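A lone chain, given as structure tokens: the form predicted alone.
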Amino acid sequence: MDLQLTEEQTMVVDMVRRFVRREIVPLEDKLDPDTDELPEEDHGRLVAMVKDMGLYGLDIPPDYGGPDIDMVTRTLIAIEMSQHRAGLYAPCYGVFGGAGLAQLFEANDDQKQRYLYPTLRGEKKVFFGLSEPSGGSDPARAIQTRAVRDGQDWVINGQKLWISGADKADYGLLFARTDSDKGRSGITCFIVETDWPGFHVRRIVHTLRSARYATELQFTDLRVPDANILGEVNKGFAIANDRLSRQRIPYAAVCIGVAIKAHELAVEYAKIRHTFGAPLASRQAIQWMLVDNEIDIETSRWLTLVAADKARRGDPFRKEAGLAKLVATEAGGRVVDRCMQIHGGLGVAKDMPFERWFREMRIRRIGEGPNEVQRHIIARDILGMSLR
């Protein structure tokens, strides 16, 4: 892999950096520290700017109006786009497509007309419904939501948990078991509309990640027509698994971006903050913390770009994506923790973004597959065997 950025990549990175620091950061300084939404007029203006930069909908294939930007460049953009207070859970102002959208490019023509194209135009919102109360770490075995054929329809009963955005979505991708004897080969993906009888948002689940929350969903005799099966019956897990592997790369990238910004703030503070007649930067303890930050950031960046490069070339990248997600989420948490410590009391105050990053970085070790599962996946690839 060539570590030297191309002229085009350098230009894109500089453009996104200016956008974040000139447009996003000043707006966040005026808002509640925990908010993850901007006023509608500001959000609309930023989306228009993203479109003018040619970066709107990076996950959208060129055939559907998206920019033709490779995975490595997308990763560099994600690193830059996350360097602000709401970086880990920012709406991204249309830069990325969001959960559920990627799978719809494999939909049939009728489904694209009803769901994909309205979503691309911003007329509809979609959710991704995989995880369940029985456990999200092993979705292939944990899925207990069941779909039973009834004539030309399927009747679905069950629950989903930790589903983002379902309370505001118009429809979603719902994974249900259609064959009890086939494990991961017995799961089907259904497109369901949130206003259909039998679809219920059971509750809002608040977590430590600031203003963000998840939902718990209940399905009671939810009737779904055959025409709303995405892909083929009993082949839905492959649809989910593709997203899980690919999504781990930008997931790691935003952790790197936050770590870079936290480190930048800590370096600046160490130079100007004096204790006992000397700047913090002169203390060996502080110097070593900053060095450890550099090690964590550069290691994470390298592993994530390697995964992105393999994905760009069409090579298998499951292990590399798992390594990137595992290392970046844990390293990013360490970086933010050190930066809080360097800032002392100021580090835990809402005047600074560290305490928010600290809370939100913690959940990153769970999302997109807990890090223990990543270790399992990586070990399986190393040993070349199935580990149970």
Partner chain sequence: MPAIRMSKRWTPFNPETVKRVPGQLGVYQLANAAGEIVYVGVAGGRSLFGLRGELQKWLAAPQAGAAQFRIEVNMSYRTRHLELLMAYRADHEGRLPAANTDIDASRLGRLSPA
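Since this is a predicted model, take the numbers as computed values, not measurements. Positions refer to the first chain, counted from 1.
Although it is not shown, the form predicted together with its partner chain is what the next lines describe.
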The stretch from 193 to 201, 115 to 123, 279 to 287, 175 to 183 that lies within 4.5 Å of its partner chain in the model of the complex, judged by heavy atoms, is 193 to 201
Just to be sure I understand the contacts: of L323, L58, L38, V50, which is the one whose heavy atoms reach within 4.5 angstroms of its partner chain in the model of the complex? L38
With the partner omitted here, the residue among E106, D153, D309, D167 that in the model of the complex has a heavy atom within 4.5 Å of its partner chain is D167
Under a 4.5 Å heavy atom criterion, is D32 part of the interface with its partner chain in the model of the complex? yes
Report whether the minimum heavy atom distance between Y89 and its partner chain in the model of the complex is within 4.5 Å. no
Taking its partner chain as it sits in the model of the complex, is Y213 in contact with it (heavy atom to heavy atom, 4.5 Å or less)? yes
Indicate whether its partner chain has at least one heavy atom within 4.5 Å of a heavy atom of E330 in the model of the complex. no
Residues in 344 to 374 that come within 4.5 Å of its partner chain in the model of the complex by at least one heavy atom, in order, are K350
